[in-house]
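This document opens with one chain alone, in structure tokens, the form predicted alone.
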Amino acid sequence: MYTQQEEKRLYEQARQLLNNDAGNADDTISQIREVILYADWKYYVQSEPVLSDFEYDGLFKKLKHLEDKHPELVTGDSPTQRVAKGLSERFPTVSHLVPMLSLDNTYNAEDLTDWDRRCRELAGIDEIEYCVEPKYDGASVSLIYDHSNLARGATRGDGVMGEDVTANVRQIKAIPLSAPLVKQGITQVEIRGEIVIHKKVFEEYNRQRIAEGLSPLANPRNAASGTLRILDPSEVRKRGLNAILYHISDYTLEPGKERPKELSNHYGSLQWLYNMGFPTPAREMKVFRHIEEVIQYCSDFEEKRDDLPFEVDGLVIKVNDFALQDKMGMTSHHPRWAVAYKFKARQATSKLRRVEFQVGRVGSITPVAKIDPVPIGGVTVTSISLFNEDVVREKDVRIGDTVLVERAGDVIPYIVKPLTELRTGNEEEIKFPTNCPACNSELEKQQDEAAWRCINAGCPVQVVERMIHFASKDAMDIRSLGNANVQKFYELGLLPDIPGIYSIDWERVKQLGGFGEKSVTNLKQAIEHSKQQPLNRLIFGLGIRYVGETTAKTLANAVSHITDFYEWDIEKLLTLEDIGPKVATSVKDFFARPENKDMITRLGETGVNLVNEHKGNKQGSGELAGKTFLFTGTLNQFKRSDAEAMVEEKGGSILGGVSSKLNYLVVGEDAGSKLEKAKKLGTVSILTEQEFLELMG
């Protein structure tokens, strides 16, 4: 639709219009319309956003403001007069019973106060009851139920016509295939909602992609939207989509039946749906009678948005009473009785200036993009991991590119893509080093791996990172020996390696700035206390590749002394729960290396515990001997680590995933794929937290 040259021009035009007008109103309106139509095409048709939500909304508001001032310039094809186009030709198109309009957006308290004033004026009353709910960041969908059965699911499309994705919608287990609507006197209903992905499901999916050498998906919204439009429903089923339904747009009553009393207001209607088995934001909804309360709630909610299982990008405020909604009406673009309060932007564009290559604890070389500082979601981002060479090649990111940046989950920044239409020809390809940037050793890359690796065990960066990991909370838990102190002690020659932690020259430490008598005493006590940590913490702290906390427990429970592993071969390691060929090979190689054996000997000489105290004692005996457990979801009555310790105390063991070897799955809130897999197996006992506590006695 657009040439590369046209796309570059339109993007630059958008940047200019965000800060300045084009001149006279006629020219400015014309240019904004052109940019918005281009942005719509990129977002809805190509699924490739070129503007952040904040930038898009800013342009739309500017256009609306100018058209309000100059109504003679309003045309029928203006973006303010219709909903953005976005139909694909891959699915048949269908008509919505009621047009799916957009929402007007606000970003601050002043906007909300002004919107409240307009609502009260339109309603002709002094006080309005508002309903507030999360604005879920996913893919919009419209569902039609006919005589209690799911008859159709459609995408938003252009707001009037959408794509028929019924087969895919039926794969989403959160959406009921039938509901007792006829019993309520409803013969047909159209329900609006959002297709979403649980944060944990999304994170796990990205972990799998990274492990396979693929680039991670930028955000759950794009993942949900893309999945909903996959042609193969069986593939959709694998992705773990979910849904939140938030609006009844139309319904038909059976002749002679009265409308259910709950359908007099928005809050009641969603509670009504929830009680019939539909996924709604019923538990997160709040009702307020004053806009000041709404504003305070918006401010408070933004602080705790990450506690929700799904991504949200704001809150939606609606006039609660349906009769008032009808009185206030709609524009061609949005309802006057609803508004979205948008949180701080998560996306922004920036310039990639250079790439640095960082060395990890196990020698992995990670390219890190250094960009011009850009604020995203309240945090200024300057560095972004590019993961590995394959990801760089797949995304075709180059030094000098203008890149679209997003903070997934408000935590991890990603480069979504380079804006190739803005390239000038001066961009440079990212060249990977052939030697370690820290020690100059030649890098190696195994055939089945995506990362280049430095295999020099004496590489200074790796030595420091291994010590930091060894002292970390989940390993030997040496408090006060943080990253900065490890780095400082290493540079001063006070801390050459892991065993050196237990023979620090304290007299020299006392001479350093910031180390008084009390801080030195606390650090010495923390180091001394770490000597008595159980064997599984030591094994985890050694930083064996692919060995996490759960695998470390499995390994520790299999031996009486850590040196027993010197005699273990790969076949014997494979007999342990959840130990596969990759982990077994890594463990065998670690304990076969002379330098690692020397490190373990030195640790033992300093008094570090190398023995599994439970071997021959609780292992293989006790009430839960031979029983395996796994925990999933958010636990409210106890910490997961405490629960795992309770199991092990009674002779049971903890697995790392759901398999035919699992006996009990303990389920907390928002359990995801593990619960579904356990149900499919049919051999796993699924326990609530309370049932688990009863089992523990």
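Bear in mind the structure is a predicted one, so any value in this text is a computation, not a measurement. Quick note: we count residues from 1 along the sequence shown, nothing fancier.
As for the form predicted together with 2-(butylsulfanyl)adenosine (IVH), it is not shown, yet the points below apply to it.
J.: 2-(butylsulfanyl)adenosine (IVH) isn't shown here, but in the model of the complex, which of 573 to 581, 386 to 394, 506 to 514, 316 to 324 has heavy atoms within 4.5 Å of it?
T.: Careful reading of the contacts points to 316 to 324.
J.: Please determine whether each residue of Glu194, His247 and Pro335 possesses a non-hydrogen atom within 4.5 angstroms of 2-(butylsulfanyl)adenosine (IVH) in the model of the complex.
T.: Yes, each of Glu194, His247 and Pro335 comes within 4.5 Å of 2-(butylsulfanyl)adenosine (IVH) in the model of the complex.
J.: Whether Glu133 contacts 2-(butylsulfanyl)adenosine (IVH) in the model of the complex should be assessed with a 4.5 Å heavy atom distance threshold; does it?
T.: Although 2-(butylsulfanyl)adenosine (IVH) is absent here, Glu133 would touch it in the model of the complex, with heavy atoms inside 4.5 Å.
J.: Would you please decide whether Ser519 lies within 4.5 angstroms of 2-(butylsulfanyl)adenosine (IVH) in the model of the complex, comparing each non-hydrogen atom pair?
T.: Flag for Ser519 set to no.
J.: How about Ser140 - does it come within 4.5 Å of 2-(butylsulfanyl)adenosine (IVH) in the model of the complex, if we only consider non-hydrogen atoms?
T.: Looking in the model of the complex, residue contacts with 2-(butylsulfanyl)adenosine (IVH) include Ser140, since a heavy atom lies within 4.5 Å.
J.: Looking in the model of the complex, any heavy atom of Ser102 within 4.5 Å of 2-(butylsulfanyl)adenosine (IVH)?
T.: Yes, Ser102 is a contact residue.
J.: For 552 to 566: residues with a non-hydrogen atom within 4.5 angstroms of 2-(butylsulfanyl)adenosine (IVH) in the model of the complex?
T.: Residues within 4.5 Å: none.
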